[in-house]
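Next up: a single chain in structure tokens, the form predicted alone.
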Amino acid sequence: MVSGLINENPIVYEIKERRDVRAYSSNTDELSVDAIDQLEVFDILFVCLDIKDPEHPYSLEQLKVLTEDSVEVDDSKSRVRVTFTPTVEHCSMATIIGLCVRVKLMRSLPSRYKIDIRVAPGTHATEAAVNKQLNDKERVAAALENPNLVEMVDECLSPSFE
């Protein structure tokens, strides 16, 4: 993790129980397209593999950076929007957090989905700049060519064995 923490004492929340995504899949045809809903995207982000905060040993869900309500899905238009809330207004890790969410969804969702990652309005000092960076394909591609950033993203996406 990172030294010189921006938010040394974050509030840690209890994680609520969720359904088993696999239990709700009724379609047995491997070639058919299953609809994806808000809860399934949220479960992709957390049940399969916690996304850890880059600064703390907690998941983004435990810190309420992401909640179930922060995920919007329009399956008919193949769009997913995730809005996250940094723990502090001047969070220097906001871009890394958004990149982790984007990479997790890129690796997990079918390629037909357009992924939009946003900072919640009014929750970050440089909200517009972070949103622009997270949704610019060229900037994301360049970030994913940087071995140090990829290592940090992979660390945040690695399983936690608590």
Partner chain sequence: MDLMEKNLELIEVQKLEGHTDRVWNAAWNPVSPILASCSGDNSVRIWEQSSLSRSWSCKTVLEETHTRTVRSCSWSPSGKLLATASFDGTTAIWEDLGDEFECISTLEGHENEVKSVSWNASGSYLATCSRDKSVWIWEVLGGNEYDCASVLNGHTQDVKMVLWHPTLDVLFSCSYDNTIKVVWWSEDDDGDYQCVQTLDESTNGHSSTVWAISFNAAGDKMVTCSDDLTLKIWGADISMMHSGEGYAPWTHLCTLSGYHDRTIFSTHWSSDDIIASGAGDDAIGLFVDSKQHDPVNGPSYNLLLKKEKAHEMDINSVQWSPSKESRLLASASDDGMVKIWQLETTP
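Keep in mind the model is a prediction, meaning the values are calculated, not measured. Residue numbers count along the first chain shown, from 1.
One more form of this protein, predicted together with the partner chain, exists but is not displayed; see below.
- With the partner left out here, the partner chain still marks one of 64-72, 132-140, 118-126, 51-59 in the model of the complex; by a 4.5 Å heavy atom cut-off that stretch is 132-140.
- When contacts are judged by a 4.5 Å heavy atom cut-off, Glu145 counts as touching the partner chain in the model of the complex.
- Mapping the unseen interface onto this chain, Arg107 falls outside it, with no heavy atom inside 4.5 Å of the partner chain in the model of the complex.
- Along 68-99, one residue reaches a heavy atom to within 4.5 Å of the partner chain in the model of the complex: Arg79.
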